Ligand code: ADP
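Next up: a single chain in structure tokens, the form predicted on its own.
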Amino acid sequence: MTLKIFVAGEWREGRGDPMVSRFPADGSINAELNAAGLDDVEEAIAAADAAWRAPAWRDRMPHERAEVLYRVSDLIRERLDELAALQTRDNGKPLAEARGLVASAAGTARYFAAACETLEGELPTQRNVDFMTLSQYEPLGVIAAITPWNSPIASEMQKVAPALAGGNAVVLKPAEATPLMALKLAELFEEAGLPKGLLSVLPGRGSVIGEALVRHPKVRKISFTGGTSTGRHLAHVAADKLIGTSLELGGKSPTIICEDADLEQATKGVAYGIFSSAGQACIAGSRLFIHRRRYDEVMARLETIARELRVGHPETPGVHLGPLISEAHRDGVAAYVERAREEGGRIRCGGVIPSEGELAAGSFYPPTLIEGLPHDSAVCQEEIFGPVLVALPYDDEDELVGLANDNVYGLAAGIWSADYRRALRLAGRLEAGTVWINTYKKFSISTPFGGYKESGLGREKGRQGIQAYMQQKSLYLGLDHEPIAWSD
């Protein structure tokens, strides 16, 4: 299958290098296409700049812009199974998980449609009888949105929907490994009646297409989800241009099992937090702290759960873990585990690349549980982005908080305890943008999401998710009929 890209509202051959989309489960080809070229970037941005300024969009009432998003949401829900199958082909997620992501994207479009309809300005308290003040939100203009490969349809909708709802135009660059969902979203927005030019999708290399996009003088905001090193670079670009940026970056999230936790609930939750998505999630709970009195019991339970999880072809019902995105990424995960062995870590389960049956044909890696490492080891400190959990015992709360916060990342954390007073106290001491208590990896589109420290800048989701793509203007209305007088 040969794909075209979506430039300025038109489907055409990209003017860049050839690209191949491959199915991570067996390496087979999903589609071939030409990446976007630099001329495509220029054309997409020029069209976007004209489209958001045009009366057909800039002056359209919020409830009228919302209608497009409502229609997109309906289209996604109508085609949920079709889109889930495409999501699975795109990055290898099991079908059940892909269905959840597609449903989430539909909900995101609907939420931001509703939020767009009800977004209000402000009427600050009057401080002078001679004038009153108003404050309103207006679009920024052209938005550069750059998304990762681990959850394409969800990540892309979380950027495109609020940006369009706020009256902007979006040029979307999906991850090089996963172009399929972004191009399908362009089809859905086109079918829903989005005016031409407001959305372009430019697959290609980040160092070429992404770089040209973010550096373009007409781009007024960068929204990026991905690795911290790239995020840091984009922050420098944004600073040089004096434009805003939203960065959702890496994580090495701690999960904590307190002495009084319900161990059945906690161990199943911890396993889900790290092994779902094959660990390829920025919020994966990859560092586990267990109260020493419960350590042996927890580890035995976790080992049993991990060994029972089913690794297999993502289109097979009942599979828990599909493949990693590529063989190169799988080999990187395996290298971390080997390093843990060299540093004295004990591999309780997993830790070996499958070499038999259908798993040998794809980039699979089993659930892996490691213990016996010091907290300053690489496996405890660095983001692995795979199904690898490292466990450490702790004795008291102060020691626990010190260890949990001893990391450059601060994206998420999890706490398992029967005592909510303790859990809330702990949550307040953890340096993380999201803390789950007696649950993990659950999301609400109405709740802001983002990180502390090197896990990013800004917030996505929630009503702030629209305001992040807008700028605030204050208006002063004179009430005095007398001319302005000079002060004596």
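Numbering starts at 1 and follows the sequence shown. Here the structure is a predicted model, which is why all the values come from computation and not from measurement.
Separately, the form predicted together with this ligand exists; it is not shown, and the next lines address it.
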Looking at 335 to 343, 115 to 123, 397 to 405, 206 to 214, which stretch has residues with any non-hydrogen atom within 4.5 Å of this ligand in the predicted complex? 206 to 214
Quick check on this chain: which one of Asn168, Thr88, Gln280, Thr147 has a heavy atom within 4.5 Å of this ligand in the predicted complex? Thr147
Please identify the residue among Glu371, Glu97, Glu190, Glu176 with any heavy atom within 4.5 Å of this ligand in the predicted complex. Glu176
Taking this ligand as it sits in the predicted complex, is Gly226 near enough to touch it, meaning that at least one heavy atom pair lies within 4.5 angstroms? yes
Does at least one non-hydrogen atom of Val388 fall within 4.5 angstroms of this ligand in the predicted complex? no
Is Thr230 near this ligand? Define near as a heavy atom within 4.5 Å, in the predicted complex. yes
Answer yes if any heavy atom of Leu234 is within 4.5 Å of a heavy atom of this ligand in the predicted complex; otherwise answer no. yes
